[in-house]
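First comes one chain, alone, set out as structure tokens in the form predicted alone.
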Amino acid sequence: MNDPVLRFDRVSKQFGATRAVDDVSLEVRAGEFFALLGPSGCGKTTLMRMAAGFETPDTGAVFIDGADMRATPPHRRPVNMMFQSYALFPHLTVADNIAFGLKRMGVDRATIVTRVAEMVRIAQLQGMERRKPAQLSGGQRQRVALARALARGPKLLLLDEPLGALDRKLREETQFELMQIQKKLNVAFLVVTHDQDEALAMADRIAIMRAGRIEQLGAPGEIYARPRTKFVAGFVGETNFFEGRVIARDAHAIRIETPDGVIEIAHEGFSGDHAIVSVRPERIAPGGAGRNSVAGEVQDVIFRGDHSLARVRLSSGALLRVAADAGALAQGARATFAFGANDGVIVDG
């Protein structure tokens, strides 16, 4: 997974007064499951469409398998795209949908039969070959679309919100199926999504996009645990922000005066006079005591099965989100909450 199958080299794209993609460079490695994650309008779909050849960069270049794609039309690129709508042919059977691209390429019949059988097996569609799309569930149609996209053996598969049309339970099941298929075939997947849980669950690496630029790029665990900016911390998962003036520091920690008291946070070379700290709800302990402790009243509690998420009104008026054991916190209760110096991360504004 060292050689890039896709490389964006300082690409930009403007639509009227809107700069959809702004000087972006990134690589997708061979065999990698890569996610472009961000809110609507951040540029992630435009970036994918440039890889497919449906949009042309105003500046910069797109390389696939080491070749500059500027003069290569979409149908000649070693990529395939799976759309959110699946775009299956309703009058064709499962087998014929999967075979469609191979027939267009002029592949011989024996090879098509073998390849379709392989895709049916990998996508777990055995026994459905003669069905038509209307006779399939949403998850089955999704697997047919995936099998069709992979049948031609692309170097790179582009997936635009691939699970958006599925209900939550089926979406979770399909995440595992997508990951298994991707690893079996060792094809690079580039997924565009606005669903943070989807990206965290499936991707080897994630690029968080904002206003046409990459805000942070890294492994899911790294992005969740060590967000670099306030935007990333707030977009990926739930978090709390403590903000204030730095009143003391040593080689390993800083003390920050916030509206809800003084907190101490470990740091690696932070030198600013003003700090923003992100603390995840699961890092805050109800009933705790210590240097980083705050008190407040529980406003409401959401039951989430194995745990509850409570919103606590602090003395400053801010709402603190706390993840606790189910039943540990009750609406209207007053309590103290604490976290350690290593439980918070200093982020840029």
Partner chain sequence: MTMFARRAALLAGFLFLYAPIALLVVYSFNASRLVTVWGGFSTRWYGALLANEQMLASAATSLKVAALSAALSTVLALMAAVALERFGRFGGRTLFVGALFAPIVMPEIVLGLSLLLVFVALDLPRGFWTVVAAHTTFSLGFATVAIRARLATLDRSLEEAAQDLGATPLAAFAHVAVPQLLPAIAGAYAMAFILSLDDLVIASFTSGPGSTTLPMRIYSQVRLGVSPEINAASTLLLAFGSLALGALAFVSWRRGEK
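Small disclaimer: the values here were computed from a predicted structure and weren't measured. Each form is matched to the other, and the largest set of C-alpha atoms that superpose within 1.5 Å is called the rigid core. Positions refer to the first chain, counted from 1.
Heads up, the form predicted together with its partner chain isn't pictured, but that's what we're talking about next.
Using a 4.5 angstroms threshold between heavy atoms, G127 stays clear of its partner chain in the predicted complex.
F176 falls outside the set of residues with a heavy atom inside 4.5 Å of its partner chain in the predicted complex. Contact annotation for R143: none of its heavy atoms lies within 4.5 Å of its partner chain in the predicted complex.
A residue is said to contact a partner when one of its heavy atoms sits within 4.5 Å of a partner heavy atom; R283 fails this definition for its partner chain in the predicted complex, lying far away. Residues of just one listed stretch (117-125, 181-189, 246-254, 73-81) have heavy atoms within 4.5 Å of its partner chain in the predicted complex: 73-81.
Although its partner chain is omitted here, in the predicted complex all of R49, S85 and F89 have a heavy atom within 4.5 Å of it.
Proximity to its partner chain in the predicted complex, taken as a non-hydrogen atom within 4.5 angstroms, holds for one residue of P133, G237, G139, G101, which is G101.
Of the candidates H267, R213, H194, R152, R152 is the one whose heavy atoms come within 4.5 Å of its partner chain in the predicted complex; the others do not.
With a cut-off of 2 Å and the rigid core superposed, D204 has a Cα displacement that falls short of the cut-off between the shown form and the other one. Remark: with the core as the superposition reference, the CA shift of V192 between the shown form and the other one stays below 2 Å. With a cut-off of 2 Å and the rigid core superposed, A253 has a Cα displacement that falls short of the cut-off between the shown form and the other one.
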